[in-house]
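Only one chain is shown below, in structure tokens, and it's the form predicted alone.
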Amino acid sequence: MTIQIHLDGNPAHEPGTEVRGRATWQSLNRQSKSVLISLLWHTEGKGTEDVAIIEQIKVEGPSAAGSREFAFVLPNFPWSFSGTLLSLVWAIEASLEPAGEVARVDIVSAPGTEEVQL
């Protein structure tokens, strides 16, 4: 089984703009009930990791090989940032349900399309 994410254009965006792309999959088995495509952010670094799923697209009963276009509008906050102890990373993720392979592409959502450095 393979699952991939392809972005249209640059992975860095201004808040409030649209992220577009396509999730593709191949060789799914019969146990794969759905493909979830998600816009999310997560923290990395010291302490407990936080995750927030902002929006999801669910593809029910996917064929063994297929694809789905997606378009998500990034919210105005929080911005992507990187600090000494903690970073906030935006991502587009595609996953097979029940628990299976996951593909993730990190993106930037910040003014000037530059991750804020703390």
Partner chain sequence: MTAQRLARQNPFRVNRVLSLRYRLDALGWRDLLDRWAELGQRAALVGPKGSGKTTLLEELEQRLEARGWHLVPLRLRHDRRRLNAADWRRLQDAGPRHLVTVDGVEQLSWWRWHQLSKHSQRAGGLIVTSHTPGRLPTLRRHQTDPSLLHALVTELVGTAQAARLAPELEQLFEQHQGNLRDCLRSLYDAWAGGTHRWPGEVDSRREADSRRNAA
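Quick caveat: nothing in here was measured; it's all calculated off a predicted structure. Numbering follows the first chain given and starts at 1.
Same protein, other form: the form predicted together with its partner chain, not shown, and the subject of what follows.
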Quick one: is T84 in contact with its partner chain in the predicted bound form, heavy atoms, 4.5 Å cut-off?
-> yes
Interface membership of E114, its partner chain in the predicted bound form, 4.5 Å heavy atom rule = yes
Non-hydrogen atom contact E69 with its partner chain in the predicted bound form at 4.5 angstroms | no
How about A103: is it within 4.5 Å of its partner chain in the predicted bound form, going by heavy atoms?
-> no
Pick from 71-79, 25-33, 58-66, 84-92: which stretch has a heavy atom within 4.5 Å of its partner chain in the predicted bound form?
-> 84-92
